[in-house]
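This document opens with one chain alone, in structure tokens, the form predicted alone.
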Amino acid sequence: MRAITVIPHQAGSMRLDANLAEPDPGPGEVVVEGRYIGVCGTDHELREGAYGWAPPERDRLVIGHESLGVVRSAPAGSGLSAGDLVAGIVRRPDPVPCPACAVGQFDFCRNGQYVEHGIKSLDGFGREVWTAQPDAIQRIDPSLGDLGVLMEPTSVVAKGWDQTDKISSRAFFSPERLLVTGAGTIGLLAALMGRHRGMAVDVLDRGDLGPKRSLVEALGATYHDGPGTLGKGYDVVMECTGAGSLIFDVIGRTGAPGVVCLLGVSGGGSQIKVDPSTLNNELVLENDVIFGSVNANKSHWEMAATTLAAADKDWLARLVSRKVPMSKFDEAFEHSEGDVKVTIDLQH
């Protein structure tokens, strides 16, 4: 079996291992043939040695947390059958479990003992065969085909919307205007969900190269290549860049009340001057809410599956800008103009 592995915190250690043994399925486990993995910023950080934890008593970690596979075999009563299109749920609850993990909200794990496929102490899906318990697998509508590889990023966005809904439901608040900052995969999927909700959507990204403008406009949203053309009074902001200066800019563009969901991870190293009194007054006097969101639980994966099944397949296909064979996986980490989502084909 082939797998893409890395030694966490060791730059330049990512490689293709060609002769690994296939996993031995445990009691009740589903056996899945890997078809694709998606590549995102976390995978780049793993390659650069900035992130990651190997499984216990191992030096190397199999990468890949954005997955698509086909069930090879499944136990009776699992709800899955051979041939089903599936994705592996990334985070798994801690063994204690903490109060959040005990009720299925492992995305809010309170003691940090969770594990994550391809990231933290659990091998990922960047291999030709993988196994998992049925509750760690999300079935995908077969109409999606290869586009099912978008499940994981869609689940992250679904959680952001779920938390936004919970916040807005505390009072009379029917959001109509959405600002999305960043037109990468996460930002475009956030815009897609906003349009599915009937919202007027503005998307801000840097520059005007590649397919991003046309992808935004195909949703019926408005693309902005700089903040100078943005307005104010947005009901919801989905911040998907992690850029510090932009975060504080968009906070000031919400209406009263407004909700800002932070989905981007900051690279660090920059300093920004902020007047805490002004920020405090704006949040207090306008009943604004700012929150961060990461990962997703089973309910969000189900929301993602529903969203993708209902989406325009031609539009989704434009998000997957490159498919790189596993034998040349390094090419997936090379920047190419026009990239949105790059995937690795595990069968070639």
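Counting begins at 1, following the sequence as shown. Fair warning: this is a prediction, and the values are worked out from it, not measured in the lab.
Unshown form predicted together with a small molecule; subsequent notes refer to it.
Contact with the small molecule in the model of the complex, judged as any non-hydrogen atom within 4.5 angstroms, is confined among 25-33, 315-323, 287-295, 54-62 to 287-295. Site residues 235, 239 and 259 are none of them in contact with the small molecule in the model of the complex, judged by any heavy atom within 4.5 Å. Contact with the small molecule in the model of the complex, defined as a heavy atom within 4.5 Å, holds for exactly one of 189, 203, 137, 90, namely 90. 156 is the sole member of 122, 149, 156, 101 with a non-hydrogen atom lying within 4.5 angstroms of the small molecule in the model of the complex. Taking the partner from the other structure, the small molecule in the model of the complex has a heavy atom within 4.5 Å of a heavy atom of residue 40. Using a 4.5 Å cutoff between non-hydrogen atoms, residue 84 does not count as a contact of the small molecule in the model of the complex. None of the heavy atoms of residue 128 is located within 4.5 Å of the small molecule in the model of the complex. Within 4.5 Å of any heavy atom of the small molecule in the model of the complex lies no heavy atom of residue 225.
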